[in-house]
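This document opens with one chain alone, in structure tokens, the form predicted alone.
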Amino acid sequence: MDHSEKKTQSRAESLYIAVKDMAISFKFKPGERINEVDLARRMGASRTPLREALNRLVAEGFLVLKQGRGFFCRDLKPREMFELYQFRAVLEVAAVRLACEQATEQEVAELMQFLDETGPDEDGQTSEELVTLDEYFHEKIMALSRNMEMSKTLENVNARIKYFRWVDMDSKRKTTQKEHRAIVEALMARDADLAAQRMNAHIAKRLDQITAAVKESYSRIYLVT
């Protein structure tokens, strides 16, 4: 690959990341049609790499392609969020069981040290900051499972529920740290059943809880214009 090809590939990747960030944070409103010409102008990009980025985001579940009508921002649907949380729970329960077998004593100790250094929260951090810490914790446990395919899948799920988690974190900021510590304590004890039980209880949500949080998410999306 020559220099110009590398530069083009790098530009396409940076464009994809930028548009993905817009989709995650709902800079496009739910159900909104994406004006490719306007977006290309704003991003300083040509239509071809932009179209590639949009198609990639469709494949990853962030955008929707409607035949003959173009690209649209996804809706926040309670049932879809519920199913993503169910899927996340399955992934992370399996991960923490594997971590009980695979993680070294030092790795588990470092995870507890991370919790010591980043909490408890005293209302001094934004929901976005807390979700970043929460994602790090869960992705670290996933990494301790030594399963790269599960790790990649969890990254996608986390990105698709990120805005929802920003909203939901306001109701969980008082309990998240304690639940994280309980999971790590079970991990330290190599008690896979207890670790799995605590992880599932930490993640699981009822459909009515998700429906309420989705309504709040819509309120926030349309509050910011």
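These figures come from a predicted structure and were not determined experimentally. Residue numbers run from 1 along the displayed sequence.
Unshown form predicted together with the DNA; subsequent notes refer to it.
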Based on heavy atom distances of at most 4.5 Å to the DNA in the predicted bound form, which listed stretch, 152 to 160, 186 to 194, 29 to 37, 56 to 64, is the contact stretch?
29 to 37
Any of the heavy atoms of A12 lying within 4.5 Å of the DNA in the predicted bound form?
yes
Does at least one non-hydrogen atom of Y85 fall within 4.5 angstroms of the DNA in the predicted bound form?
no
If we define contact as a non-hydrogen atom of the residue within 4.5 angstroms of the partner, is T48 a contact of the DNA in the predicted bound form?
yes
When the contact criterion is heavy atoms within 4.5 Å, does E179 count as touching the DNA in the predicted bound form?
no
With the partner left out here, which residues of 58 to 73 have a non-hydrogen atom within 4.5 Å of the DNA in the predicted bound form?
L65, K66, Q67, G68, R69, G70, F71
